[in-house]
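To begin, one chain is listed below as structure tokens, in the form predicted on its own.
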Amino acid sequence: MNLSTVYMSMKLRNPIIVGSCGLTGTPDKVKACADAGAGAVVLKSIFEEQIESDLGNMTDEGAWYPEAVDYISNYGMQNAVSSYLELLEKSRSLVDIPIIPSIHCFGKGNWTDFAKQLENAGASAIELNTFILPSDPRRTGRENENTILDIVSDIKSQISIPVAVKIGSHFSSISAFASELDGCGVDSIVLFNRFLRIDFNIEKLNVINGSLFSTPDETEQVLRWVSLISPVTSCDIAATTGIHDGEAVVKQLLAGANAVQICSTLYKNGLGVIADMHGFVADWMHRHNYNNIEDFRERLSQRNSGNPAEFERVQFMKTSVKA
């Protein structure tokens, strides 16, 4: 079976991408992912604050995004830009699959010039990991969305390589915002970002980290929105969160995804799960008489469904579960 696919105009040998995580944080780890059969790799994210600090532009520590504080205190700010460029260049020399740097960003600033440096260093594309927690009552959802759109427009004006935007699900109208991103010229939308969760220790009465890894059932929300968004945008779609096995890969492709990103399953099951996914997808294609992914991709999106209303039903009308 031919598992190759095209994602952001890049031909991948298969649709399985290792998402941004600790497993893509060194050249040797990137090579291990490629050797295990990944179609592409997204490098571990560099934070906007790191770039600004290294460029001498971050002077107000109070402006730092809270999610970055832990990372920065652990890994430091010195030479962040040069170290990240070195990671890209060395990884690029070791593998022959697309390498996609990731920038964790939440505002428009001088850090956007860094995108051009990544392009010059050999990046195949750039993924913008964007999110503004909608927790400030003084800031409207429209303001948050405009900030992301401004970032995208700025980056797109500076580089010629493809740009993907990874978003969360906290929008009043995900489909409308996806259409706006599409209108800005993004090459892919990645659905969805899985954010750090919190929990409470009820004995020590303090806040602790919640579940670190995704679970397979989390892919269901992604499945719905890939099915809904793929028909209304011209850009590519990458599905992520909760994709732990080959069956989940097939489902996301049927929904309309061009590729999937995996992370948690690699920590839980090892890099060998990539080959397992390949085998499942190939066997499924053989059983259903498909020779290429494009023969079935988007087969079950809302556009091609015999009952489009199924994708928009949000209340239980009938269930087999007995009360």
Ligand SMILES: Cc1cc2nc3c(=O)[nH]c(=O)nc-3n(C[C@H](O)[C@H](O)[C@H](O)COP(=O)(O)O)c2cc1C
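Note that residue numbering follows the sequence shown and begins at 1. Keep in mind that this is a model prediction, so the values were computed, not measured.
Keep in mind that the form predicted in complex with the named molecule is not shown, yet the notes after this line are about it.
Taking 129, 188, 91, 230 one by one, only a single residue has any non-hydrogen atom within 4.5 Å of the named molecule in the predicted complex, and it is 129.
Of the residues given (262, 30, 274, 255), 262 alone sits with a heavy atom within 4.5 Å of the named molecule in the predicted complex. Residues within 4.5 angstroms of the named molecule in the predicted complex, judged by any non-hydrogen atom, belong to 188-196 and to none of the other stretches in 175-183, 133-141, 188-196, 117-125. Using a 4.5 angstroms threshold between heavy atoms, residue 25 stays clear of the named molecule in the predicted complex.
Within 4.5 Å of some heavy atom of the named molecule in the predicted complex lies at least one heavy atom of residue 20.
Although the partner is absent here, residue 214 lies within 4.5 Å of the named molecule in the predicted complex, judged by heavy atoms. Contact check for residue 242: a heavy atom falls within 4.5 Å of the named molecule in the predicted complex. Scanning 87-106 for heavy atoms within 4.5 Å of the named molecule in the predicted complex gives just one residue, 102.
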